[in-house]
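Two versions of one and the same chain are coming, encoded as structure tokens; call them structure 1 and structure 2.
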Structure 1
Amino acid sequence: MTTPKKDVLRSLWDAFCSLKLTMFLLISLAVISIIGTVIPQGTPAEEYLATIGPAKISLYKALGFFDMYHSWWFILLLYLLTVNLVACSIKRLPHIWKIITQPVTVMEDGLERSLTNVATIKNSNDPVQLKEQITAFLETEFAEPVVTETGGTLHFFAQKNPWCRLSVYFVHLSVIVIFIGALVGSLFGFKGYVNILEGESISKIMLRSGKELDLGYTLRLEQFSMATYSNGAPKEFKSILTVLENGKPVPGYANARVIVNDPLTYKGITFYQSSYGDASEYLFTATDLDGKNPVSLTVGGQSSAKLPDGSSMCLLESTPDIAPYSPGLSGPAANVEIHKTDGTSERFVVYANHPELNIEHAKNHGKGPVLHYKGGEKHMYTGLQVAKDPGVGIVWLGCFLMVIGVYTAFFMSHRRIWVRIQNGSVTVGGNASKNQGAFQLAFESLVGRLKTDLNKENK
């Protein structure tokens, strides 16, 4: 009599061995992965947050959608699927192992009736001679047979690829290994980003969680360059980086090139080329119409500056020499856009070598400040994604095991042949673990060759 406790444990075990649970977990993980693809992970951009509203932001944060692959419930699903795969393997493996290691070598009547491929060959050769013929035939055409004699009846058994029945367990193992690698990377790895100006160095990065992380060494951007297509679209952007320890370049990591799909890895941390931007600084002076009360202004390539009258100025483009564009003029110049306090805006050119033109423009457009261009220093910055994943080697191992398991599962099958010599007839039976149609053709061909071989010897 079973106790209620044993019944509960048995029911729980059966639930974890269920194929329905496997399908439910796989579908759940697939749907969740779609959500993780649609919703930006990490710290979403302000533009994205502005479109979904505060209520959804609170809901998404509560559900962990902004860092879904590290959320407790996603990891719980991985644990459940791992336990499910292990339970299924434990439940079914003993039966498969017995088929592989303790095959049925005698074709009794019950086994013969269960086989879909059976053929009978009439032959009156001497049993001893038939034994030698069939043994030699199976060794040559199929596999080395096991010969068994029971009650005066000779039985032959030969098999190919019995170990391929374990392919499904290789796939199970590979999935578990990949999950372990993912969890190791999740628990002990990190992802972040950093922007570095040309000629400058950094030793800390910003993680997705918003915390700073000290790398333990210094990374310097020696140069950033960008190649473009004929239409001006970016073709390739490249960073030249140097790793420094104790202020000195690390051998082999000086002037290392980093481009898209060709990252730099040092001490387990990988730097990927991700983005770039203009960090140049341009100098202006704003004065009254009479040249008094000068105010120095610094405008970045992607920023704006406040003018003394409350309006704002942004730089559209600059040139080191205006001569090619305006004959008779020379020297640096900048095309700027002014956004006035009354909501209007205007665009005009500010010169470095022609202050009279700057004053004339100011007089013609009201009593606003006079702008004078002082030149600028062009700098670019590189944006790098930074990642450390100690589980990547484990994941690659899992992928390797999965390739072996999937290849074996799809392209190999366990094939078995039984032969029985009884009452002047040779009965041949066979089956395969998969691809029955192809095995039937191979079986018929094998029986035909055996019949021809026996008839030759008979003559």
Structure 2
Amino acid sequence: MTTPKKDVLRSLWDAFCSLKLTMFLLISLAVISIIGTVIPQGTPAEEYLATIGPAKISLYKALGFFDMYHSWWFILLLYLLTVNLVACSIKRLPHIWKIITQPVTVMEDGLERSLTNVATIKNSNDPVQLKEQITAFLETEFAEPVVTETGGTLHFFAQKNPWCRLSVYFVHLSVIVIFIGALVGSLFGFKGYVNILEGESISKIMLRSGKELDLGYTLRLEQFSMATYSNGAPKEFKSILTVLENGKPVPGYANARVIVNDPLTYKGITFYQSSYGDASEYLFTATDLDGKNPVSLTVGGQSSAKLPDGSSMCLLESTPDIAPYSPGLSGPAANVEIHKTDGTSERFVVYANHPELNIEHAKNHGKGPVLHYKGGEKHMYTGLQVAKDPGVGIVWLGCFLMVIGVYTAFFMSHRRIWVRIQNGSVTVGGNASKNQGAFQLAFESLVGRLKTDLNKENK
């Protein structure tokens, strides 16, 4: 009964150790990842959903296409890749480990035949002298040799960078370390956002999951400002923030500047400049021509308000003092745009200190309501991304391992040299784990130098 079970396990293990599975997984991941770059991820915009129709929406939802990088099948592929690279590493590592820790120090005939780089030098020096010469040569020109004597034959073995054979496993390990970092981040960290009005404070933020999170301290937005270049392109978005504990500003965290590319971190939570908006409020009253039926109206910096007659009003610009623009007049004024129910629209100025002008305007333009401006205040709000990710350090460690591993995997090679002295001839053999062409040149030059070295001492 145990044999078929073992066979199944065996073939499963072989499947996971196979490089063909690696190729399949890498190419599948590459192709499947395209889906999420074409279909918007997260909560798609209504306009997009309207273009694809309800049938596709429910299909995409069922398949998890709107959050595909967290869907079970994508995660499964990543797990399979992880299992595959662990299995491959476990299968091949013992052999590599043996090459590193138990090097073949004697060049037998079989080994010699398997080497592409072999050279023979005739030499009749005294064996003791020759041994010293070759040891010294290898020490200075290559690496310190191990000398073995078997039945009157002298063997030398020297190697460089044996450990670089491990670099591939380093890269595989680094991928796993990065995954662990990502896992730690998703388990113990959070991502959220918060909007703060100028002059106001918050102590809770909204998480992406929709839940609220208590920061444990208070954050106050002192000011938000935006600067532009002369061509109108944005130059800087800046929030001035103060961290408060028990109602008191924390030293070093009062009036802290947060701009794009320069966040603020307090107690492991980081605040990033992300968006901004206008939360200004402007007050108006609308009355009949005779001043009866007053209605208060509030218009936001980026919103509109309904007038009693059904038309809508939005604010174009406002000023606390009209004097510089209209000599003879004074006080606050607002330039508004009215969209009437019949589809027409008009723009005019509404004053705070000159009600007679407001009435005159209304009389000249039909019977519509009279608008009076009561003044307003410019208020900006800032939008901050909030994040805490204790896994980031692990991810960076993984990235560091990966860079080191990739570099050594490509650019370093395990080079081995064997020398055998037998019957007055010196045989040199060499092998490299990578970059055979470069090693061949290095080997030839090494043999050339050894030749001249031995001949020189001979005379």
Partner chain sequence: MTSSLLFNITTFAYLISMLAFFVFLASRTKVLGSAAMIVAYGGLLAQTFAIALRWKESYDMGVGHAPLSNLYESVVFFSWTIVLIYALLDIKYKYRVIGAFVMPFALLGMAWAQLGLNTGIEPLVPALQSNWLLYHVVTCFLGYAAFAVACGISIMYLIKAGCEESADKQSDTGLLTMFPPIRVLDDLNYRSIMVGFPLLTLGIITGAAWANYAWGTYWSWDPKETWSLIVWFVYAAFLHARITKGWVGKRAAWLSIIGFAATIFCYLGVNLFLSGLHSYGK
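Values in this document were obtained by computation on a predicted structure and should not be read as measured data. We call the rigid core whatever largest set of C-alpha positions still superposes within 1.5 Å between the two forms. Sequence positions of structure 1, starting at 1, serve as the residue numbers.
Please let me know, 1 or 2, which structure is the form predicted alone?
-> Of the two, structure 1 is the form predicted alone.
If we fit on the core, is the Cα of His155 displaced 2 Å or more between the two structures?
-> It does not, since the His155 C-alpha is displaced less than 2 Å between the two structures after the core fit.
Align on the rigid core first; then say whether the Cα of Thr344 has moved by at least 2 Å between the two structures.
-> After core superposition, the displacement of the Thr344 C-alpha between the two structures reaches the 2 Å mark, so yes.
Threshold 2 Å Cα movement between the two structures for Ala442, core superposed = Superposed on the core, Ala442 moves its C-alpha less than 2 Å between the two structures.
Would you mind giving the Cα movement of Lys56 between the two structures in Å, after fitting on the rigid core?
-> A shift of 4.0 Å.
Rigid core superposed, the C-alpha shift at Met23 between the two structures in Å | Reported C-alpha shift between the two structures: 3.1 Å at Met23.
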